[in-house]
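As structure tokens, one chain now follows by itself in the form predicted on its own.
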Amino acid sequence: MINRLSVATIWVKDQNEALRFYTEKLGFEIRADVKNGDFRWLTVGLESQPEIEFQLSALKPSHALSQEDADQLTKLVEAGKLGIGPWKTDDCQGTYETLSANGVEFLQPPTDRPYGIIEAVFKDNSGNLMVLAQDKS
């Protein structure tokens, strides 16, 4: 029986740049950084959520990704068609201001939505679309 999700993949164009973005701008912590030849298992996570980590997976050909697949995924990431989230926060405006001060560029400032949340939208440095969300209740 499956119990829970433990690792989710975020496709990134450059693992070193993604690592700096997720740790220095978003405040994630490094969970694993293991290299084996050209392969690098790199994961980050939130201190407040130790049970899940995010693999910053390189958009390059590998044993599991053909050149054609890598090219197609890269186009989707750059177009903002892929992402993970929403990221929950108790204070969308405050988090928006903190992340903006850290250099995160938002596509949409905190906006009141009719479906019960306040959300702001940004992209990571690879182009993945991210939503920052606060429940209004």
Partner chain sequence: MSLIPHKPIRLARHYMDHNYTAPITIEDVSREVALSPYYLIRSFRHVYRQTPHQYLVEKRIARAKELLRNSELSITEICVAVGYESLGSFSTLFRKVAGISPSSYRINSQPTLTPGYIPLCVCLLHGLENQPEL
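Bear in mind that the values here come from a model prediction, so they are computed numbers and not experimental data. Numbering follows the first chain given and starts at 1.
We do not show the form predicted in complex with its partner chain, though everything after this point is about it.
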> Considering its partner chain in the model of the complex, which of D91, E29, D71, E78 comes within 4.5 Å of it through any heavy atom?
Replying inline: E29
> Closest heavy atom of W87 to its partner chain in the model of the complex, within 4.5 Å or not?
Replying inline: no
> Should D112 be counted as a contact of its partner chain in the model of the complex, where contact means heavy atoms within 4.5 Å?
Replying inline: no
>> If we define contact as a non-hydrogen atom of the residue within 4.5 angstroms of the partner, is F106 a contact of its partner chain in the model of the complex?
In response: no
> Looking at the partner-bound form in the model of the complex, is K13 within 4.5 Å of its partner chain by any heavy atom?
Replying inline: no
> Can you name the residues of 1-24 that have a heavy atom within 4.5 Å of its partner chain in the model of the complex?
Replying inline: R20, E24
